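Shown next as structure tokens: one chain only, the form predicted on its own.
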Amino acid sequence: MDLCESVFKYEERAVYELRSLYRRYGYLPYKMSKFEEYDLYVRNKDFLISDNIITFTDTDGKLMALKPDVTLSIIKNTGDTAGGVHKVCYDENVYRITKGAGGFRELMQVGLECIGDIDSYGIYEVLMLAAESLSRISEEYVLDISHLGILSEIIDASGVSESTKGELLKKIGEKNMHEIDALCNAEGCDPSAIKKLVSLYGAPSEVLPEIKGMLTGDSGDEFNEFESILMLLCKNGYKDNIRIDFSVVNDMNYYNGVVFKGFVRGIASGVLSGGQYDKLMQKMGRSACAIGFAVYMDMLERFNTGADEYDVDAMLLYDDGCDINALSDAVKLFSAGGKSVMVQKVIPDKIKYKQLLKINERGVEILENNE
């Protein structure tokens, strides 16, 4: 058992693993303030997962906010580099309301952003690191990938109006075929192509030919790039863990191109989310392109892992009058072997241990063994 495994809890080990992974690919650590001007968030509320924001008035009278999002802060504080790419990674707390929490929570996010002259390799690298991130959490994972450019072409070809697109995207994300029918029929549009695209799900080798047959020549470049990136992922060992799923959608006012969501067995909701957000960059007055993702560490609290079944390996009890030299020697013996040991006179509430031990004049006695 290495130091990382023996000292850190599961979520802490995951943060360490992910941060180390991103550093190996040249993503530099990015630290930011806990708060930004409220105006940054209110102008981009639709981009945020939740529009509930904690605010306060600074000493100079400015309305500030505890950051509910990391990406917006990075965009604001990162300049453009002609022909180059800013590669940053982070592990930061955000402050927002989550489902079932009943109030605001401080949540850890780990992720990366790639900002600048983004090409096919840049998109591939981010998708590859998203898949690798999931693999660090669980061997049983899937990365669902979509492409908003391709989806947009199919929607436009159906004749759906701009005013209906937002609601249609919501129903596509829910795979609600009945409501997709209803929205299209209300506008006199044929929903068959949209429904077919949304119903497609599977490995790239199975789904890509189906998509290609649905497209016109206008989207050839986008499709070819999408295909080449997915085939490279398959070639490099991710074939069994990536799936095409056009129900993965984000707001088209902010996102474009590739969008994706990651899942691990044992957690119903996605633990990773990301995509290209060139339109957000443009909205914020930036000329660069961008792609990134975040891993939601709060979701891992629900992940049932045997690694955290116990708080300590050994609970060592002693009485008043115990020989502290013998007690110290016993603790040294356990810790030198890589085990964690908690020394107490009485067992604290809610502490889980593998072994319950007691030191007395005869030495260390095992009272309970759960190994």
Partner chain sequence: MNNPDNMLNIALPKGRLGEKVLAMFEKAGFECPAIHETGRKLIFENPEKGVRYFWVKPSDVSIYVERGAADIGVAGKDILLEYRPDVYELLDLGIGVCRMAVAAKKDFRDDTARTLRVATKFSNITKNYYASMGREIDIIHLNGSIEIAPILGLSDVIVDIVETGTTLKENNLEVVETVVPISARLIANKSSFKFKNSIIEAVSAGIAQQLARTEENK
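No experiment lies behind these values; they were computed from the predicted model shown. Residue numbers count along the first chain shown, from 1.
What follows is about the form predicted together with the partner chain, which we do not show.
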Worksheet item: in the model of the complex, which of 112-120, 262-270, 151-159, 286-294 comes within 4.5 Å of the partner chain (heavy atoms)?
Response: 262-270
Worksheet item: Which of these residues, E225, D245, E132, D298, gets a heavy atom within 4.5 Å of the partner chain in the model of the complex?
Response: D245
Fill in: Residue among K239, K175, K212, K76 with a heavy atom within 4.5 Å of the partner chain in the model of the complex
K175
Worksheet entry | Contact flag, I97 vs the partner chain in the model of the complex, heavy atom cut 4.5 Å | no
Worksheet entry | Partner contact for M281 in the model of the complex: the partner chain, 4.5 angstroms, heavy atom | no
Discussion item. Test of understanding: in the model of the complex, would E140 fall inside 4.5 Å of the partner chain by heavy atoms?
Written reply: yes
Discussion item. Please determine whether E187 contacts the partner chain in the model of the complex, using a 4.5 Å cut-off between heavy atoms.
Written reply: no
